[in-house]
Ligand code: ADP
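Quick heads-up: it's one chain on its own, the form predicted alone, in structure tokens.
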Amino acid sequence: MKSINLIKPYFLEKRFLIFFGLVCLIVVDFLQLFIPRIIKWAVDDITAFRVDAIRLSYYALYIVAIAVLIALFRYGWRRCLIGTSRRVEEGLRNRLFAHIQTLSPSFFDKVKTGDIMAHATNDIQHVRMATGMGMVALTDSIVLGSAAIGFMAYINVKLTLFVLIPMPMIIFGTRFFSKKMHRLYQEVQGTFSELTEVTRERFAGIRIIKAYNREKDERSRLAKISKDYINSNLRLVRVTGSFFPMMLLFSNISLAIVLYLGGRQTIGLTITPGDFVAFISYLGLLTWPMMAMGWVTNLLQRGRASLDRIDKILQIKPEIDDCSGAEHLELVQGSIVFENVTFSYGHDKEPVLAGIDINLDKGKVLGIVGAPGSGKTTFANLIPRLFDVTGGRITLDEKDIRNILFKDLRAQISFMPQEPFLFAGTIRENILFGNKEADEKELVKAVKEASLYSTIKSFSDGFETIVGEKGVILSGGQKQRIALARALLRDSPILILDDPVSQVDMETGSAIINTIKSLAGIKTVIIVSHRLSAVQFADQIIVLDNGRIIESGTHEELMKNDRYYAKTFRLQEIEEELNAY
């Protein structure tokens, strides 16, 4: 039940609003209890032939007045209590999103996106229902139920005791079914997460599905998971489908008792016809709390299962976080040193990088090359601490980057990943993501440096062109250059570019390389590239193989070594010459 602590702060925040809402709800409950009394008076007067049209109109006006008051106070409790549940929904969703953003990339490698989406939508919706209508139904069950029993006892204690005979059965049934419902709700939420992920992934990959004519297979896959989800719900329905009819059965048994025993007492003049009608009316009011007891159990178990799932995510600690005593970093020179750095993606896995020693002074350019899978991208990811070294250390201006606050460290780095990601907005929004404060002049400058200006001008909407999900309307080279412009727009002393010219032609690539050259001496630049001509001008070039540095030096030095770098460079020269014809 510790997951309940997740929603306590919001209840404390809205405690006065909740109190007012509960007062309104209780007032509504008691106002409803007065209507059967008015009906009793009217029936007794009618059966005794001591009423006229004026007196009946008074009774009617009393009921209308009570109905108006009920409407006003009902608005009050809905505004306060349901409004509070919306605040819980907002707070939980924001907290979950904020927490997930702190988690390390390894978390997203293990958890499906659909599962996270289910937490942020379906689970939070169930918590909202539990805290909103669940609170209302619980209050009604206690207040309206107790008050209705009290009014019934006032009319006839013996008859009331007979009516309450089914109550222990209701309590026992509620306890029996609630445990089963909690377990089944967790199962349903789990299968919903899987269904969400499969659906999301198929829509995202619709072009590949169409290209390979796999529509039928993917329909079958989705149908299978959908069936699993339906079967999980049906198992739940078997329980809830037994629970609610059970509640209704006991309510109707109580009604049958009233009709038989109450009718006999009315005939025997033990109670008046008005009392008999009022008693049935109170029993009708008691039916809702009895049903609400079942509904609130349903809501609370569903909400509790969802809250447990959310709490499970919130309990996950980020593998990479600010350490105690982490320092602020303001003025940065940009010198980066790798000291015997080792890294692996798990304690029991082989190192991806091992024994890396590099000293990169301020304003210098480092080129990183090597065969696919040699550790180049991992190398680039270690500097902004997307992953943490498992051995050795990395320093920035002689400070271990693990002792620098995340926010400050990453504020000093412009990062362009190997796979450029674009948000489903405009070109302008995607580029300004790197620097929201940039003006139009700075935006145009960054776009020109990325050799993208003429391309954007060729679009009818220019910078306001909608790129679609993941930049679907753009070519790979265009997406790459937008990501490059985003990185260049951010004025930071360190620039990390992971394969910035892999998807552009030779002419565009040369222009981009010239831009990067112009930054030498101004920024500390790290370039990862498969195209060796992109790092030819670097002050230092390292060649990685199986996570180790096998060559290091300038372009001229490496060409003299006549090893991997020199051989690959000559092959790429020949390839570029052939492509030119």
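Every value quoted in this text rests on a predicted model; they were computed, and no experiment measured them. The numbering used is simple: start at 1 and walk along the sequence shown. C-alpha atoms forming the largest set that superposes within 1.5 Å between two forms make up the rigid core.
As for the form predicted together with the named molecule, it is not shown, yet the points below apply to it.
Residues of just one listed stretch (144 to 152, 454 to 462, 370 to 378, 214 to 222) have heavy atoms within 4.5 Å of the named molecule in the model of the complex: 370 to 378. Using a 4.5 angstroms threshold between heavy atoms, V188 stays clear of the named molecule in the model of the complex.
Using a 4.5 angstroms limit between non-hydrogen atoms, L138 is distant from the named molecule in the model of the complex. Heavy atoms of V352 reach within 4.5 Å of the named molecule in the model of the complex, making it an interface residue. Residue contact check for Y75: none of its heavy atoms lie within 4.5 Å of the named molecule in the model of the complex.
A single residue from the set E330, D109, E440, E507 has any heavy atom within 4.5 angstroms of the named molecule in the model of the complex; that residue is D109. Note on contacts: among Y345, F433, F162, F97, the single residue with a heavy atom within 4.5 Å of the named molecule in the model of the complex is Y345. After superposition on the rigid core, the Cα of K110 moves by 2 Å or more between the shown form and the other one.
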